[in-house]
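Here you get one chain, nothing else, as structure tokens; it is the form predicted alone.
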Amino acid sequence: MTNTSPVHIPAVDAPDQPDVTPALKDLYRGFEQELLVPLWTEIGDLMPAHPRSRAVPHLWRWQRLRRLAAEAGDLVPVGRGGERRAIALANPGLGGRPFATPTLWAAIQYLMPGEDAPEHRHAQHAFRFVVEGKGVWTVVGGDPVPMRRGDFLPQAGWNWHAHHNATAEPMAWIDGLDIPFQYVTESQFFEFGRDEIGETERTTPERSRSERLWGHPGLRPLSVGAVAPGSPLLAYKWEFTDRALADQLAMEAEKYGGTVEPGHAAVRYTNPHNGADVLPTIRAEIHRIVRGAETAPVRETGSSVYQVFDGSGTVTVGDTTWSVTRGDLFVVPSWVPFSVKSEAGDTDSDSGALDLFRFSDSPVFEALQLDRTDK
């Protein structure tokens, strides 16, 4: 009888396996027919001594991404169907899927002058981070939110959102979502919204309503009761992030500490409602490393995507080392050592240091108590 089972169990002559006999082969054929797999043939793959990520370290050059996105701007319309002119990073270890890591999705999104990206909502948690330009407004639940260089804009799942470019110049930014995580857990939902946003949503306010309500350090509005998951603050402006990083390094210079290690300042974006991560499944941070400083190697469970916001440096991920400059993106897979040396200066960085934007799946691992760090 032909074996049509998707399960195939070879009898292997190996020190840690049973003796290969006709009876063992018959036993394995019986397992196959009943869709059973014995642990003794799979334990090395299913329960390794440490994480072995299918994702691999990889670098994407911003200038190449930007050029291809501009070509797509001339050729690919924005509208129903594709919804967004977003071009995802595909990790070479993940079989061509549009996934940067097994849990994280990252893409460059490009919007032409005067264009609108139509309204929709999805279960996936998302954010936008702007490495260059200004002029696009994202409209979340009817609230127009400006997007400018250095701004971080979280977008919790199941919120209506659209984008519009109010200027005469195209604009590109990166999107981050937990699409791969929700894909593998089969928990995703999606819904189309209006084809066009209203005229009041096409306004271009200096501050969004969310910022006017939530954007005051240490102050919570008493008019707000229960808050949905994810940060109610829809934009974290670069001017405040920059000041926080600069203050940490100034305190270090004054011998008051304030940095995570010598020459390395870092901040995490947090929810002003409860101090938690801005999104249930995604953590976001900015790191500033002064010229000549080198971070200690670290490896963590869970994966990260980095983008160089400013400056230049040398990045080492596992056995791979790259020189990186503004806009470049790279992946750090689970349990792969990572370190960076800053080579930034006044000619390639506004701050004279290397600024790195990082997002990771750490909240998922912490919630499941699977987080582990080795420094």
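Residue numbers here begin at 1 and follow the sequence given. What you see is a predicted model, and the numbers here were worked out from it, not measured in a lab.
One more form of this protein should be noted, the form predicted together with another copy of the chain, which is absent from this view; the next part is about it.
Novice: Would you point out which of 288-296, 166-174, 245-253, 132-140 contains residues with a non-hydrogen atom within 4.5 Å of another copy of the chain in the model of the complex?
Specialist: Result of the contact check: 245-253.
Novice: Can you tell me if Gly318 lies within 4.5 angstroms of another copy of the chain in the model of the complex, counting non-hydrogen atoms only?
Specialist: Because no heavy atom of Gly318 falls inside 4.5 Å of another copy of the chain in the model of the complex, the answer is no.
Novice: Should Gly302 be counted as a contact of another copy of the chain in the model of the complex, where contact means heavy atoms within 4.5 Å?
Specialist: Answer yes; at least one heavy atom of Gly302 falls within 4.5 Å of another copy of the chain in the model of the complex.
Novice: Looking in the model of the complex, any heavy atom of Leu222 within 4.5 Å of another copy of the chain?
Specialist: Yes - in the model of the complex, heavy atoms of Leu222 and another copy of the chain come within 4.5 Å of each other.
Novice: Considering non-hydrogen atoms and a 4.5 Å limit, does another copy of the chain approach Trp160 in the model of the complex?
Specialist: Judged by the heavy-atom cut-off of 4.5 Å, Trp160 is well away from another copy of the chain in the model of the complex.
Novice: Heavy atom within 4.5 Å of another copy of the chain in the model of the complex: which of Pro92, Gly193, Gly198, Pro113?
Specialist: Contact residue from the list: Pro92.
Novice: Across 247-269, which residues bring a heavy atom to within 4.5 Å of another copy of the chain in the model of the complex?
Specialist: Residues within 4.5 Å: Asp247, Gln248, Ala250, Met251, Glu254, Tyr256, Gly258, Thr259, Val260, Ala266, Val267, Arg268, Tyr269.
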